[in-house]
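One chain comes next, on its own, written as structure tokens: the form predicted alone.
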């Protein structure tokens, strides 16, 4: 039923199309600019961050549209145990996010590989870091979807919830860096910045490696970053469940 409800409107289809389009458009840029000189396994995934933001909008709408049109009351009447409703929504979005991320990330990688004529390094998935840079999005997308779903449950209004899930990773975590002395360290450990370390990978030398080294300096390791990101999602989901059970629909 959750699958039927999710795909009964056009917005999920548009969101999924935009996720794939973002991945492919950035891949085209990386593969064609200067004959793909700056193309690498890492840069082939340049559009996945934008794609994840769009998927978070989809996850938010999966619950806020039910509050908007009042269908959430029907769901709770059919399934009195509200935890089961939230679990069903979560399971659907997690699977959809993993599949979407896997398809988009591999499509972007192979498109860059096909277009880049003079890459600075071989475009192959030869190491664990290479695989993590591409396939790691299949872990980040579901976690981000759980966060967005939890925000949707807590806020209930589409505009407010979407604003939060977009502003949080794109603006708030960057502004924290402006805090004197401790801002950078705090920002590195914030959920989305920490999670991004899981797919950030340096495999090239020269100026590109130096620039990426500065970005990666400090903060969590890839696995620690993933744990912080996942822990945030679990905590928000639990809070959302408690609020859902106590608040009127």
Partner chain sequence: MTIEVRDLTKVYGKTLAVDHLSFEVRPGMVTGFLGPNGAGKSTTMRMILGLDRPTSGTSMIDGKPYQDLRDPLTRVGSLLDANWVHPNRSARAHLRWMARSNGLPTSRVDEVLQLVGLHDVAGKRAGQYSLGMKQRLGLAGALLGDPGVLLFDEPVNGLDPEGILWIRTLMRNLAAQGRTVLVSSHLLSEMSLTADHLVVIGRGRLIADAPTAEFISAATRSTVRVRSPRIAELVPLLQTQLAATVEPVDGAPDAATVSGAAIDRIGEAAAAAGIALHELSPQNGSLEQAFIELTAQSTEFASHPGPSGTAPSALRGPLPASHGSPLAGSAPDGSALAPDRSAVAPLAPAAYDSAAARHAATEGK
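Just so you know, these numbers come straight off a predicted model, no measurement behind them. Numbering follows the first chain given and starts at 1.
What comes next is about the form predicted together with the partner chain, which is not displayed.
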Exercise. Counting only non-hydrogen atoms and a 4.5 angstroms cut-off, does residue 177 reach the partner chain in the predicted complex?
Worked result: no
For this session: Decide whether residue 76 counts as a contact residue for the partner chain in the predicted complex under a heavy atom distance cut-off of 4.5 Å.
Result: yes
Problem set entry | Touches the partner chain in the predicted complex: residue 122 (any heavy atom, 4.5 Å) | no
For this session: Considering only heavy atoms, tell me if residue 81 and the partner chain come within 4.5 Å of each other in the predicted complex.
Result: yes
Exercise. Exactly one stretch in 81 to 89, 104 to 112, 123 to 131, 144 to 152 has heavy atoms within 4.5 Å of the partner chain in the predicted complex; which is it?
Worked result: 81 to 89
Exercise. Considering the partner chain in the predicted complex, which of 184, 46, 65, 200 comes within 4.5 Å of it through any heavy atom?
Worked result: 65
For this session: Pull the contact list for 47 to 72: residues with a heavy atom within 4.5 Å of the partner chain in the predicted complex, in sequence order.
Result: 65, 69, 70, 71
